[in-house]
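Next up: a single chain in structure tokens, the form predicted alone.
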């Protein structure tokens, strides 16, 4: 199917859900118009931006060209997560897609998702994030001047480093590991004896190249898309944290839009979420194989019980912070 055919088909799906009809019927062509900026930190090849491109195409199609979204990947509008999120609050960026990890600094409630080994697999994550727990977390972000539309996906986070193979927690002792600005991530790596270093994503490749850092942790799609195999020799499939992504609109931008357009954006974001997640999951094994072909030594035999045990104090402290009932609701979701 040609590209335009795919867009048209997806738009018809949205019409069936009421996504396009609300905007095009109530806001006729020639009415409200807007040019919106969508920012991310990852390269254009990353699933964030493949999803963002699809989102922009559908929004243009469904609004009959009135809403135009331009995607700015690879940190073009800012080199760090915090920088982009602050710009989103101010309304100088309209839309953002990125990991939930840095959002804990703006809304502590969403930090619950960063508890190590909280999710068993992708199906478990979908059940939670597409259900009442996920919706409440999205709604809570409005307090921080964000209108969160849908959970997309970053994936399960894995460790890379340039010094040695890492299988058990003790192997990570002494490694300087880049993390996001996230207290739970910092505490988890400290617990296994590593030296975590919070750093803006745009600075990570250079720091690894200059050996300021030994390693970092990210989902496979990120490791692959930014070619970390060029500066990292070892990949350990620790899957220590599941990392959702969120598609967020600046609350200032959101409030400036007509209600029918808001409804269309919300439904389109949720529809594209399914596409974006599926795309990343289908590509993951292929990307691991390609990283191995490029010279990375991939360690699959990870004792997750040992890793969870090493991080247990952090997990227990998080239960006290976020509430055992909430955590049990997530753990029990099936």
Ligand code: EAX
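Numbering follows the first chain given and starts at 1. As the structure is a prediction and not an experimental result, all values here were calculated from the model.
Quick note: we don't show the form predicted in complex with the named molecule, though the next part is all about it.
- The stretch that touches the named molecule in the predicted complex, counting heavy atoms within 4.5 Å, is 174-182, out of 234-242, 105-113, 174-182, 128-136.
- This chain is drawn without the named molecule; in the predicted complex, the residue among 189, 201, 119, 151 with a heavy atom within 4.5 Å of it is 201.
- Note on the partner interface in the predicted complex: the residue among 208, 85, 222, 166 having a heavy atom within 4.5 angstroms of the named molecule is 222.
- Heavy atoms of residue 55 never reach within 4.5 Å of the named molecule in the predicted complex, leaving it off the interface.
- Residue contact check for residue 94: none of its heavy atoms lie within 4.5 Å of the named molecule in the predicted complex.
- Residue contact with the named molecule in the predicted complex: residue 276 places no heavy atom within 4.5 Å of it.
- For the chain shown alone, residue 214 is not a contact residue for the named molecule in the predicted complex, no non-hydrogen atom being within 4.5 angstroms.
- Shown here without the named molecule, the chain has 42, 48 in 42-56 lying with a heavy atom within 4.5 Å of that partner in the predicted complex.
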